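There is one chain below, alone, in structure tokens, taken in the form predicted on its own.
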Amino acid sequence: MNQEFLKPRLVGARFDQHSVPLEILKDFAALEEMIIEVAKWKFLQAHQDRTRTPRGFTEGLELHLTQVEEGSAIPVIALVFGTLFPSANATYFDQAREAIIEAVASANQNQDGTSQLPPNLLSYFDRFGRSLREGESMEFTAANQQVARLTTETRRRLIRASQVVEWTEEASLLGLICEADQARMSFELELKDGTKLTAPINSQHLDTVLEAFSGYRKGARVQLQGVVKKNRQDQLKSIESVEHVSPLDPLDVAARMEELAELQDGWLDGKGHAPEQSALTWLARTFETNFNPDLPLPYLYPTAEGGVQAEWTIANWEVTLDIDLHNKTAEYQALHLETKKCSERTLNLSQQTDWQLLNADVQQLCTEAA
């Protein structure tokens, strides 16, 4: 027997196809642990004469993902009973759900949520919500129809309220591998600002790590995806686990955007405008999503107006893409150095169809040059 228990609405570009990325399931596994512990806490609140919950308190009670409904993506989570009739303890699961939603709602209002849950239970937000990215949220509807939104910011507020010294986040980092210790199976990742973070070496990443280490003095950068530890000042302290390590192309767009983000106004003889960091982040993400990975990457330069110019040299063709970061548009030009033949077009970089036009143009030049 089962009954509908929770229907969080996932909001963000990753969920627009009414599907749930597998990494989000890790959050729901952490949520199940949290609900069980909050249910035990609710039981003890109701039975002041007891110091622990009875043996088998959660026996026959499980949370299952039964389907995903449309509306961005809405996972349907059911409370499954191992018997024909619901357990008497199921009511504490309902109370736990409402307490968690109330804590999130409190954090939405810039409060700490401590009136709903004690600090030790708030610490579960270290893992619950960790897979959310900027601009994404989980929306929960309470029994009174109140809607609470868990975002990266509200999660941070709840973690701080838990009084933990350190917490974890999923992150993507770019850097150099400056040290590698095969005996301890660990390495150090050196970030752009000189910060060095220790990380474990998984056997499947060993060859990549050693190759990047040998190329350290030549500037061989890697992209690391994994879980990092931060302190209460939001500073990176270490890398807890590594999911992927990938060598970067010397012309990697995201790495170049990090470099351009360091520019200050006046960088060009006192006149150049610095590109906005949020716009550079958008360009890196958009480029990675839409530019054909089989095509050559461009050289990227800042423009005096605060934009970015991409340049390709393909045989006798000089190709430029003058990007207006504010309007998310670009002027494309391909000039043949011998014949002076010139092809031009204006592109809207917020439209996937215009990226397809860019890919087709560059692909055609590469094919002619082959």
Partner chain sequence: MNEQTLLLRQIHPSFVQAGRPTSQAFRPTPKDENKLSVYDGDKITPEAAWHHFTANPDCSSAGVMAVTKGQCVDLSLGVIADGEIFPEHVSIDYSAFAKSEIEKKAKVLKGYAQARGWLYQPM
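Positions refer to the first chain, counted from 1. Note that the rigid core is defined as the largest set of C-alphas that superpose within 1.5 Å between two forms. From a predicted model like this one, the values you see are computed outputs, not experimental measurements.
From this point on, the text means the form predicted together with its partner chain, which you will not see here.
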Determine which one of 38 to 46, 25 to 33, 311 to 319, 59 to 67 lies within 4.5 Å of its partner chain in the model of the complex, judging by heavy atom distances; exactly one does. 311 to 319
Could you tell me if residue 194 has a non-hydrogen atom within 4.5 Å of its partner chain in the model of the complex? no
Distance check, residue 216 to its partner chain in the model of the complex, heavy atom within 4.5 Å: no
Might residue 327 be said to contact its partner chain in the model of the complex, defining contact as any heavy atom within 4.5 Å? no
Though only this chain appears here, would residue 269 touch its partner chain in the model of the complex if you measure heavy atom gaps against 4.5 Å? yes
So its partner chain isn't shown here. In the model of the complex, which residue out of 138, 107, 239, 300 has a non-hydrogen atom within 4.5 Å of it? 300
Contacting member of 248, 180, 263, 74, with respect to its partner chain in the model of the complex [4.5 Å, heavy atom]: 263
Tell me, please, whether between the shown form and the other one the C-alpha of residue 270 is shifted by 2 Å or more, with the rigid core used for superposition. yes
Hey, does residue 49 budge by 2 Å or more at the Cα between the shown form and the other one once the core is superposed? no
